[in-house]
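The chain that follows stands alone, in the form predicted alone, written as C-alpha cells.
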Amino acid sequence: MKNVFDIIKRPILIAGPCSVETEEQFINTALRLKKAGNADILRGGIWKPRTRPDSFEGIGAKGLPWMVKARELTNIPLTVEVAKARHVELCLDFGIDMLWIGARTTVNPFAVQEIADALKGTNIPIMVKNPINPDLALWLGAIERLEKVGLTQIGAIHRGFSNYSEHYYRNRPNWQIPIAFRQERPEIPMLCDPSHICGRRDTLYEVSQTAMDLNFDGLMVESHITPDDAWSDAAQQITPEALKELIQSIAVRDDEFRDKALLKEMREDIDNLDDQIVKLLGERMKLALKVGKEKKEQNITILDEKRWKTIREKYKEKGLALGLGENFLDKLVGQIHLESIKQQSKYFQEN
C-alpha cells in the first residue's frame, strides 16, 4: 500500500466541521469544500471528548453513514477522531479512510495502546495530535505504540498546549515542541491544527503561515457552512469560502536554498560565532568557580539575590535593544545564572 502522506501534494489540507451535526450540515459542508477545491481530506468529529460533562459530546456512530454519503458525492477521503477500540471498529466497518487520535487521548498511554491493538493487522493511515500538556515523550510514545503493531502510515498533528495563564491563544503553540519532535522523527509528516491553537478566526492566518514557514507538511482547519451556529467550537470555524481565501493567502516556502554556496558561507559564519559563544561561556564559568572559592573562604552564601536581579534587568534591557525576544532572554540569562550557581556549588561540595 502506498503511503497516503507521500501521495498528497504538500501542503496537505484536511478540512471539515468540528462536529458532524446533521446529515444536511455535513454533506453541504463537504459539497462547498469540493466546490472551493482545496480539501484533500474531509474531517468530521462524531465522538467529542469534552472537558465538561454537559457539553455536546458528538452524535456518535449514526454520523458515519452521512460521512460515507458525503464521500460518495465529493470523492474526498474521510478522517475521524477515535478515542477507544470501539470507535476504531466502527470506522473500519464503514470504510473510513483515515483516523486521528485527539490530544485528550494521546495523554493516556492505556487509551493509545487500546487503539493500537484494535488496529493491529491493518495499515490504515492514522495521525496523532500532541497531548494537551507539552510532553514530547508522550507524543513520541503514542507514535511508537502504533508502530509496534505494524502501522506505517503515521502522521503527527500540532494543535498547541493548554496553559491556564494563556489569553491570546486557545492553546499555546510552543513551537519548540513540534520542532523537537521533527528533530527526533523527521520522516513523520507534521501537520498543524491552527483552529485549536487559535480558538478564533482572526488569528488563523498568522498561525497557519508560521506553520508553513516552519516547513510543516499541511494544515487541519475546521470549516462549517454556518460557523456561528456550530454546536461546538463555533468561534474557531470558518466557511469553506473563507477557507479558500485563507489558503490562497498563505505563502508556501521552498525547503532548500537555491544558492547553496551562499548558505554554506552563512552557516560557517554562524558556526564561528557559536564557537566563540561556547568559549566565552566556558571562561565565564571558570570565573564563577573562582567566585565560589572566595565565597566559601569568606563564609557567605552562594546566591546573591541583589546581584542576580541587577544582572537580569541589565542584560534583558541590552538584549531587547538588540532585537532579542524577552522570553528568550529570560531563559538564556536564567540558565547562565543556574550554571554559575552549579559551578560554585561544586566547589563548596568538593572542598
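All residue numbers refer to positions in the sequence shown, first residue = 1. Here the structure is a predicted model, which means the values were calculated and not measured.
The form predicted together with phosphoenolpyruvate is left out here; the points below concern that form.
For G102, a non-hydrogen atom is located within 4.5 Å of phosphoenolpyruvate in the predicted bound form, even though that partner is not displayed. Although the partner is absent here, I14 sits far enough away that none of its heavy atoms falls within 4.5 Å of phosphoenolpyruvate in the predicted bound form. Using a 4.5 angstroms threshold between heavy atoms, G292 stays clear of phosphoenolpyruvate in the predicted bound form. Within this chain, K48 lines the site of phosphoenolpyruvate in the predicted bound form, having a heavy atom no more than 4.5 Å away. Per the 4.5 Å heavy atom criterion, phosphoenolpyruvate in the predicted bound form is contacted by stretch 102 to 110, the sole one of 69 to 77, 118 to 126, 261 to 269, 102 to 110.
Contact residues in stretch 209 to 231 (any heavy atom within 4.5 Å of phosphoenolpyruvate, taken in the predicted bound form) are limited to E222.
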